[in-house]
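One chain is shown next in structure tokens, namely the form predicted on its own.
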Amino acid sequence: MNQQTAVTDTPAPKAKTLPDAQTVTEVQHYTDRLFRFRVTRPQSLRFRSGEFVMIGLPGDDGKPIMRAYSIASPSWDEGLDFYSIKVQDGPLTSRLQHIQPGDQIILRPKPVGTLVLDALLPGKRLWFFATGTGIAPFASLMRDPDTYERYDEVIMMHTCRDVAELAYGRELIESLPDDPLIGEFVGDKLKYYPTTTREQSPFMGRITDNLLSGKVFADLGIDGMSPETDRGMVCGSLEFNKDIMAILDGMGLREGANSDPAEYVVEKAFVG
């Protein structure tokens, strides 16, 4: 697997010719379908880890092409990370995948979202369920000390088709225990359960299948999930979200929201 990273030292932002413009400071390509990038953070931007913003680029007609993107960096970070799929004929990603350090993107600094800790009732164990780039909001939450102060155990379940597509999450998670800022908070609380559905890997299968069969519980040495102790966050396709919701409902967990915290939350902004 070849990874290509382009980085600049924090550059002096260019003259802001775009509305709400921010400067790209780093780009890394993982596969021909996945990449991440980092941009400068507006001084006025305040967000909760797990929220998303609208980002974009000008279209051919000069009008901005905007899409919702989870912020993959924690709320304390001085920059903003994003993790994206590449769609060759996509209105935005067909352009976005070619950005380089020093380029500008449009960022609307109005963060929203349901994948925030305050939308959950207190519990002992927090589950993150993600497919593909759905891991982005959890990349933010896994680097937030508040996550580990609220929960005794955090489990990141992430499924992709191929091993290479797990690289972003694996590298991030492997770096956390030694992170000088949050390593002491993470300690041994974070458990990582990556699976693939196409290419052979140590753990195989869809998240839904591994939950229903109980395989994940056996592999991690835990008894299962209960509404008294377990909380969940879900980010994936519409079908995936619905399937996970049905499983969690069947285990007695209820869907929550910012205005009505409960046992699990689902991000629905990316599946419409």
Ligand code: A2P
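Numbering starts at 1 and follows the sequence shown. Keep in mind that this is a model prediction, so the values were computed, not measured.
Absent from the display: the form predicted in complex with adenosine-2'-5'-diphosphate (A2P). The rest refers to it.
Enquirer: Let me test this: is every residue among S49, S75 and L115 within 4.5 Å of adenosine-2'-5'-diphosphate (A2P) in the predicted bound form, going by heavy atom positions?
Expert: Not a single residue of the candidate spot has a heavy atom within 4.5 Å of adenosine-2'-5'-diphosphate (A2P) in the predicted bound form.
Enquirer: Please pick, from K215, R206, R67, H29, the one residue with any non-hydrogen atom lying within 4.5 angstroms of adenosine-2'-5'-diphosphate (A2P) in the predicted bound form.
Expert: Contact residue from the list: R206.
Enquirer: Of the options A139, M157, L126, C160, which one has a non-hydrogen atom that comes within 4.5 Å of adenosine-2'-5'-diphosphate (A2P) in the predicted bound form?
Expert: Partner contact (heavy atom, 4.5 Å) among the options: C160.
Enquirer: Report the stretch among 233 to 241, 220 to 228, 56 to 64, 41 to 49 that approaches adenosine-2'-5'-diphosphate (A2P) in the predicted bound form to within 4.5 Å, counting heavy atoms only.
Expert: Result for this chain: 233 to 241.
Enquirer: Would S201 sit within 4.5 Å of adenosine-2'-5'-diphosphate (A2P) in the predicted bound form, counting heavy atoms only?
Expert: No, S201 stays farther than 4.5 Å from adenosine-2'-5'-diphosphate (A2P) in the predicted bound form.
Enquirer: Is there a non-hydrogen atom of T147 within 4.5 angstroms of a non-hydrogen atom of adenosine-2'-5'-diphosphate (A2P) in the predicted bound form?
Expert: Output for T147 is no: heavy atoms all beyond 4.5 Å of adenosine-2'-5'-diphosphate (A2P).
Enquirer: With the cut-off set at 4.5 Å between non-hydrogen atoms, does G169 touch adenosine-2'-5'-diphosphate (A2P) in the predicted bound form?
Expert: No, no contact at 4.5 Å.
Enquirer: Indicate whether adenosine-2'-5'-diphosphate (A2P) has at least one heavy atom within 4.5 Å of a heavy atom of P101 in the predicted bound form.
Expert: It does not: once adenosine-2'-5'-diphosphate (A2P) is placed as it appears in the predicted bound form, P101 has no heavy atom within 4.5 Å of it.
Enquirer: Heavy atom within 4.5 Å of adenosine-2'-5'-diphosphate (A2P) in the predicted bound form: which residues of 111 to 146 qualify?
Expert: Stretch hits, in order: T131, G132.
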